[in-house]
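First come two forms of one protein chain, each written alone as structure tokens, so that there is a structure 1 and a structure 2.
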Structure 1
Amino acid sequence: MRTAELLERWGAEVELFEHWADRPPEARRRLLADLDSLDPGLLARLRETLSAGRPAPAARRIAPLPAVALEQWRGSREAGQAGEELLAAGRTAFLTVAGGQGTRLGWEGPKGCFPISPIRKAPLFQIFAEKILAARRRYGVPMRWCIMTSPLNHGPTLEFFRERDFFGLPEEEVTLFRQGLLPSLTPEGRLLMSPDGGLARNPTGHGGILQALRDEGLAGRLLEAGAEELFYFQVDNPLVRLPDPHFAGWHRLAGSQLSSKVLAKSHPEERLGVPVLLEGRPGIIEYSDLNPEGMRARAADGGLLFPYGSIAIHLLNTSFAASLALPLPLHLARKRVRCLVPRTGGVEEREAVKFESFIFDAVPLAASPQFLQTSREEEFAPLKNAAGPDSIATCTAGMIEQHSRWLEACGVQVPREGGRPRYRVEISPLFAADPQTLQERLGNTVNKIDEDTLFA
């Protein structure tokens, strides 16, 4: 499209064109290219979403939703066996959402490249890759791994995998694919510029994965390859159990299109999505959609009325993911973002509204959704912040704690101080991906941990 036409179409965005002639040619080209690719219908939808605001929680009928108890599904022999068969037949593909900006961690680069393991300092991507490689060796079939990046971090993520030879996985079984971007707006609904002179945009949220799977034709290719289920997890949780035969088997036997792991909240206000009956259908809402009374409400037995939190580990049927044609709803987040201010030519932090869709909005659309309770110690230690809760320290401690417990279960003495392991221990997934394998590998060779110890 010619510059004059673009200027005419977007002329109402006066600020974008201030001091136009003074801008470097590259910055002008970038803005025009971004405007050219911006769908006016999409922008109208964003503005409508902005002016509608968030539906008041009270306007939606929310009721408690039970979850399948841990002992029930993990103790089910049928589920375990069905899951083993599904994995051995290569029915599961792994799906990691890694397109987020990781702003809270404050790490330059994709979050999956963050060195997190206690001793080796293995990055998150390596830990997942090793779990998948261990599963590949165990089941002897291809294990497909699809990683969603965003246009903002795709290049460095791909380079990271290439430099490390895909961590030993066959390259053709690993697919990195990009999600889209959505423009961020001012609170009044105007477009903003990023420091490089283009439009300020943010990745579409983890819900963008459904669109991206379709746009890339990936869902169809996975189905053709026999991958009937997608094991979805986030890039920030190194404790994710990959694979999980009981989870796969329970999901399949229940005839569910989407199953999701939840755990008991550590405190009523814990910032996790909350599984609920929403207008009579099972779903997950943002923690902030429960008002403070709802968060603290008690059931007749004295426990929390809404006791569970979602840890963003889902199994989705590939055909279900591929068939969801309607876009998921958009959620708003008000954040400060760095913007170019044409009037001054400088970069400033400004109030902005980001739009994102969330994968859990697919739950009410699925047949027979299941919520399976799991244990925090075994499956959840997310890396969100540099310090404080869900931080580098707590995530590393979660790994040390899990590996120490596995060693203790094998009869190894692990000295503790104040309840915490005295030494750092790390078990590479390639050494043992679960306590049973650890027992087989160790035999009677180790009795006690008396220094920082790596099993690799």
Structure 2
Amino acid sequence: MRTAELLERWGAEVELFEHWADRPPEARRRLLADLDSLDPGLLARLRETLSAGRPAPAARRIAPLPAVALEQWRGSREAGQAGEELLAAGRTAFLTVAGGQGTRLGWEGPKGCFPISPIRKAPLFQIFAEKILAARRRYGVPMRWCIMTSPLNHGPTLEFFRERDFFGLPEEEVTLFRQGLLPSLTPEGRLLMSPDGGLARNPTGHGGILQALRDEGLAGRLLEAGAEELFYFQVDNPLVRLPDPHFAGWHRLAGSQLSSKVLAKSHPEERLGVPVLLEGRPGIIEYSDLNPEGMRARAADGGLLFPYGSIAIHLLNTSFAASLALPLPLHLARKRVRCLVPRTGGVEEREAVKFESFIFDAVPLAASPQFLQTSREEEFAPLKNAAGPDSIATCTAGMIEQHSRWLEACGVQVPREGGRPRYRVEISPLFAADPQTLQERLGNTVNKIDEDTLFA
């Protein structure tokens, strides 16, 4: 579209064009390109969402939602067999949300590149790759891995994988694809400019993975390749079990299109999505959709009325993901961002409204959604902060604790101090991906851990 036509179409956004002649040519080209690609219908939808705001929790009927007990589904022989058959037939694939940067960790680059394992300092991507490679070797079939990046980190992520030869996985089985971006708005609904002169935009959120799968043609290609179920997880949780035959089998036998793992909240205000009956349908809501009274409400047995939190580990039926009516509902968050102010020519912090979609908004649309309780110690040690809760230290400690318990289950003595392992222990997924495999590999060769120990 010609510059004059763009200026005519977007002339109502007066501030975008102030001091136009004084701007560097590249900044002008960037803004015009962003405006040319912006769908006016999408902008109208964002403004409608901003005007409506998020429905108050009281406006939606919510009720507690039970979860399948860990012992029930993990102990199901039928589920285990069904899951093993799915995996052995190559009917599963893996789907990872990895669009974030490591800024909050003090790390320059994609979060998935952060070195986190206790001894090797293996990055998150390597840990997941080794789990998938171990499964590929075990079942002898392709294990396709789709990784959603963002426009901000796609290039560095792809380079990271290429430099490391995709960690031993066949390159054709690993697909990196970009999620979309949505324009950020002022609280009044006006467009904002980024410091480089283009529009201020933000990633579409983890719910954007469904749209991106279609836009990239991935959903169709996965179906053609026979991948009927997708293991979904986020890049910040190295404890995720990949794959999980019992999870896959239970999901499949239940005829579920979307299943989720949940765990008991550590405290009422834990910042995890909350599984609920939402207007009579199973769903997940943001933790902030529960007011303090709802968070702390107690059931008749004295436990929390809403006891579970979602840890972003899901199984999606590929056909469901490919045919689901989109777009999903938009959620908004108000944050201060750095913006170019044309009137002054400077960069300032301004309040912005960011829009994103959440994958759990697909739960009420799915047939027979399942919520399976799991163990925090076995499957959840997220890496979000440099220090404090969910930090580098707690994530690393979670891996050490998990591997120490695996060794103890194999009869190996692991010295502890104050309940914590005295030594750092690390088990590469290529050595053993679970306690059963570890027992087979060790036999009776190791009786006690008496120093930092790596099994690789």
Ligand code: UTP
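Quick note, the numbers are simply positions in structure 1, starting from 1. Heads up, when I say rigid core I mean the largest set of C-alphas that superpose within 1.5 Å between the two forms. Computed from a predicted structure; not experimentally measured.
Looking at the condition given, the form predicted together with uridine 5'-triphosphate (UTP), one finds it describes the source of structure 1 alone.
Gly208: CA moves less than 2 Å between structures 1 and 2 after rigid-core fitting. Relative to the superposed core, Gln101 shifts its CA atom by 2 Å or more between structures 1 and 2.
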